[in-house]
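Take a look at this one chain, the form predicted alone, written out in structure tokens.
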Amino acid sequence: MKNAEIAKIFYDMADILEINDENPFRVRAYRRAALNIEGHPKDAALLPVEELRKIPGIGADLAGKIREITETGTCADYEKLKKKYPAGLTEILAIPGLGPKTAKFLNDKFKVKGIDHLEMLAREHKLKGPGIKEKTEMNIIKGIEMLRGRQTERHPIGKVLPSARELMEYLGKSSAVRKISIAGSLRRWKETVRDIDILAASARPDELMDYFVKLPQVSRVLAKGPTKSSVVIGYGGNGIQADLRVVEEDAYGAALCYFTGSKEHNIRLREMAVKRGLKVNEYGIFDSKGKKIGGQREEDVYQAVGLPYIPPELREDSGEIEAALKGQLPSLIQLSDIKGDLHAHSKQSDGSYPLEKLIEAARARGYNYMALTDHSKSLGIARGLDEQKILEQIKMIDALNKKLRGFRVLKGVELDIRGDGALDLPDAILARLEIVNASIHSGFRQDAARITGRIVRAMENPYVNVISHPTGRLIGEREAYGLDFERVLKAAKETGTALEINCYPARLDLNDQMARRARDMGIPLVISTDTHVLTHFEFMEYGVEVARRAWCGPGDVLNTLDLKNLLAALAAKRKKLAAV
């Protein structure tokens, strides 16, 4: 039982309790527990109860439920809650964008039997009436389509990568393995993937395949052969296919290149090889007479066709071949280039830890600084800070910074952009801060002109440094706003406002294509984790990989700067707009 599955049950319990108008503190407790379990680095199934109780938000009662879930796959309280409502109601709660209150309304009025029944009602416009508008019907249909796509096609990388790495760890324990790597779109860090591809070199493939299909994660064996086996790991709707291919060690590089690049990238490589009288495939590099002349390393393939090594993230046939031929491949940003995190929440708003713990975790990662950016007052569900609490927090940070050596906490806020475009705090307060991240948390379904205008208006404020999670999408759960992104880019360029690549795996917002467009226009980017739990700091890797797919180097990202230059860059916008 994985942490994500435990979290799913707690999220479901919170939804059902909210439908039943239960105590909001109890609802919040389940959601907080779900968040903290989902982000915990260790498998909750392996933790003793006393360790579970050390996780923020997990008391004796919830620790007991976690243990019950890991042992039985469910818990008695969850089953009792589900019986309070028809199965159709709990089923439609899975539809992205459909909140508990709307779900209850639909059940009460239409006796919805499930997703298929709800879709039929929406497509026949039988929902429209008091409480349900035509636009709501359209959003329900979109949510159902998104849910079905999520279940049957592609899986978010944040769900898949931890499982792939766990498989790699188990496979690496086999003495039959000589070399092993993740391949496919997962190695290219695509934000969604169909399956897990693993490549291994072994002189004993039969032994390795026997070992693979018997791993504890495997719920079903789809196929087993001497060079390729396919299994399903996980259970139910969370299952994903994993393929293991085994090659000889002298072909490992060629095979890794072949099974990593996109179809289009590989075609380009093969065409270039043919022009040189060569043949490249997953078995190696061959001359015109069919003699194998290389393939042990990936670099051999690129060298054979006259190219420098191309990093996996760029292998999409999106200009990387042409850039490589001209010697113009970018020097891509690396995780080690990041000097600090510019988006983190403490216990004073909706985070789970006090600032001191955040500082400790950030320093452990080798950072020189971090920004405390708790929510502003309008976001009541996140216990947002009003003017007085912001001023108190500023004093607290100043006092802490006097004690710190070699590390600095930046005074910041995640400022809510209200539905009418107004900002949530006055300029007099914002002027006291060193970094202001502005975000949209409501009115997601406004038309493109209105929601774009809200963001542009925020960027025109001299104190707003960054637009956080600019498109608002949640991968597989909520579509991006209807946003005029070109207008946003133009305003960002004109005002000197940075755009965030939010590292949270369900967001990855900006995505790689939008981040590349911003990078090409010279718009500064920040890569931040939006940390609410200490383990969220580890998500920085996801954001860095989005930036690599966007062709970004260290110079394109503000939080690769040292503290002095970062503060100067953040202050530059105020000076620029003040001079206008």
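Model, not experiment: these values are computed from the prediction. One-based numbering along the sequence shown.
Keep in mind the form predicted in complex with ligand DGT is missing from the figure; the text below concerns it.
Which one of 122, 483, 314, 193 is close to ligand DGT in the predicted bound form, taking close to mean a heavy atom within 4.5 Å? Looking at the other structure, the residue within range turns out to be 193.
Just give me the single entry in 259, 302, 353, 504 that has a non-hydrogen atom within 4.5 angstroms of ligand DGT in the predicted bound form. By the 4.5 Å heavy-atom cutoff, the listed residue in contact is 259.
When the contact criterion is heavy atoms within 4.5 Å, does residue 188 count as touching ligand DGT in the predicted bound form? Looking in the predicted bound form, residue contacts with ligand DGT include residue 188, since a heavy atom lies within 4.5 Å.
Within 4.5 Å, heavy atoms only: does residue 454 come near ligand DGT in the predicted bound form? No.
Verify the contact flag for residue 111: yes if a non-hydrogen atom of it lies within 4.5 Å of a non-hydrogen atom of ligand DGT in the predicted bound form, no if not. So residue 111 does not count as contacting ligand DGT.
Residue contact check: residue 184 to ligand DGT in the predicted bound form, 4.5 Å heavy atom: Residue 184: yes, in contact with ligand DGT in the predicted bound form.
Mind checking whether each of 197, 266 and 270 has a heavy atom within 4.5 Å of ligand DGT in the predicted bound form? Per the other structure, all of 197, 266 and 270 touch ligand DGT.
Using a 4.5 Å heavy atom cut-off, which of 441 to 449, 251 to 259, 367 to 375, 95 to 103 contacts ligand DGT in the predicted bound form? That would be stretch 251 to 259.
Relative to ligand DGT in the predicted bound form, which residues of 100 to 121 have a heavy atom no more than 4.5 Å away? Heavy-atom contacts to ligand DGT in the predicted bound form: nothing from 100 to 121.
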